[in-house]
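Heads up, the chain below is alone and in the form predicted on its own; it's given as structure tokens.
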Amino acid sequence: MCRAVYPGSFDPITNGHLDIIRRGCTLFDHITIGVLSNEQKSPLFTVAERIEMIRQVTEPLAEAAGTRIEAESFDGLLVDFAKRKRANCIVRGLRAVSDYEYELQMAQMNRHMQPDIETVFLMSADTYSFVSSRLIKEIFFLGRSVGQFVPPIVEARLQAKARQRQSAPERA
């Protein structure tokens, strides 16, 4: 069985992430989406919210592809998480050449620490090569629609977060 881990913050999950997952389903029998629990980055969504959104949007992909997809949080070293999940691959998406240097360095370090786990790079589809969770949040909170970049469930969650922010009392 070919098992992969696809790590990231997924704050929030985008159509670009889903494209990588969909394509990963053609390569792997089991994909664990590893949601990085890193509160130092001040995420918009909690880990539980991100996992819930991921499960909702990947369920149809899993059914269509016949691939088992799960989402789980992790902290610490990615290779340790991958080992716990019995994964033999780490999937990383590359949007641009600028991603490659960092990702190559990480892949080489991971291989040094855990030689039996391979890293597989999947190039983003042209449609999503400029999409990032950070940009999605910025565009959304500046008043523009992000519906073409995220699943409807995610857009609804962003709208709910915006309403929460508007109704939250101002801090002096």
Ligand code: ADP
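Model, not experiment: these values are computed from the prediction. Numbers for residues come from their place in the sequence shown, where the first is 1.
The discussion below concerns the form predicted in complex with the named molecule, not included here.
At the 4.5 Å threshold, heavy atoms of residue 150 stay clear of the named molecule in the predicted bound form, well away from it. Within this chain, residue 94 lines the site of the named molecule in the predicted bound form, having a heavy atom no more than 4.5 Å away.
When contacts are judged by a 4.5 Å heavy atom cut-off, residue 103 counts as touching the named molecule in the predicted bound form. Within this chain, residue 58 is remote from the site of the named molecule in the predicted bound form, having no heavy atom within 4.5 Å. Of the candidate stretches 65-73, 126-134, 106-114, 24-32, only 126-134 has residues with heavy atoms within 4.5 Å of the named molecule in the predicted bound form.
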